[in-house]
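Only one chain is shown below, in structure tokens, and it's the form predicted on its own.
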């Protein structure tokens, strides 16, 4: 397969990309536009990039909003309560059916790499067992990482530690946590030390729901970052949400950022979900309830965007379109400056790949997997401005999805 007339991020001019089997065989500069032959793909001067990435989603909970009841307060904690009710109704096939429907949505929007959190505060680990099967059954569509996520705590939930260890034995790739939801601060700190020990012992990555609250006294991020620094695990560790950082005072944040840079950990922000769930206890002024995305980026720390939820007890909307999250996040995080817009796709591509530790499995380089997208715009700015889409998704050298743009006829 050959793709003609492609623009590549960070490279001037047009290029042709030749795919052989499941790998990128050549990337050649073109002096001018070229006519595409039969069987070739014409990017028509638009961007060709590696696939979009969804680094934080809960596939085991998608498409459950309102079952058996809606989250009426819109708070994180009522969402956890509603999920507790829905969890009692979960079956093996129910989990698999909903997850696969959601994966189809993600694939339709050019996503080929997914990290999903799966609730393991269930003595039967039913959802985890189902998602391990889904991971295998959808390998032709996506690469999936599964996080053993203790929704109701590690130390605060009966046999929480044993369930986490069993989840890794059953096939979880990533060790999760939720220290701010443990019953006490001491339990929160203990949970971090336990999960870091488990990850270090088993070679797993780490992705912790960390300080997902407006409480400025929730400061487990410093504990996670220090554990990562001391163990030399920073590149393998991710702090998701960290929304309490939006409520920290600047003096504390100044000290915290020194540690964060030394630790080298990654960050994921879920802007649409956080602005929906947080700030619920405020009147006015009302906080946005997000972490300091722009500040993390300016400090040279790796940060990316994610969807988090699609039609579940925490968030009633969503359709799998990560570009929707990018546009909203740029607005919410005050990142509509010229330089931000010129490189904004980093937040849903390269930065996410670094978070997932994809390494040489990702990127437009000769010898890497022939997984890529043809977009509907020539650059990052125009992609966001025009609310663009992935027009073609290619996986292992084969076309996975094609989109025909809507046509408008003027009278």
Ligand code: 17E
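If you're wondering where the values come from, they're calculated on a predicted model, not measured in any experiment. Numbering follows the first chain given and starts at 1.
Below, we turn to the form predicted together with this ligand, even though it does not appear here.
Look at 184-192, 95-103, 72-80, 223-231: in the model of the complex, residues with non-hydrogen atoms within 4.5 angstroms of this ligand sit in 72-80.
This ligand in the model of the complex is approached by residue 149, whose closest heavy atom lies within 4.5 angstroms of it.
When this ligand is considered in the model of the complex, residue 309 lines it closely, a heavy atom lying within 4.5 Å. Interface membership of residue 113, defined by any non-hydrogen atom within 4.5 Å of this ligand in the model of the complex, is ruled out.
Under a 4.5 angstroms non-hydrogen atom cutoff, this ligand in the model of the complex lacks residue 128 among its neighbouring residues. Each of 178, 209 and 212 places at least one heavy atom within 4.5 Å of this ligand in the model of the complex. In summary, among the residues 167, 277, 290, 134, the only one with a non-hydrogen atom within 4.5 Å of this ligand in the model of the complex is 277. Residues of 49-71 that come within 4.5 Å of this ligand in the model of the complex, judged by any heavy atom, reduce to 58 alone.
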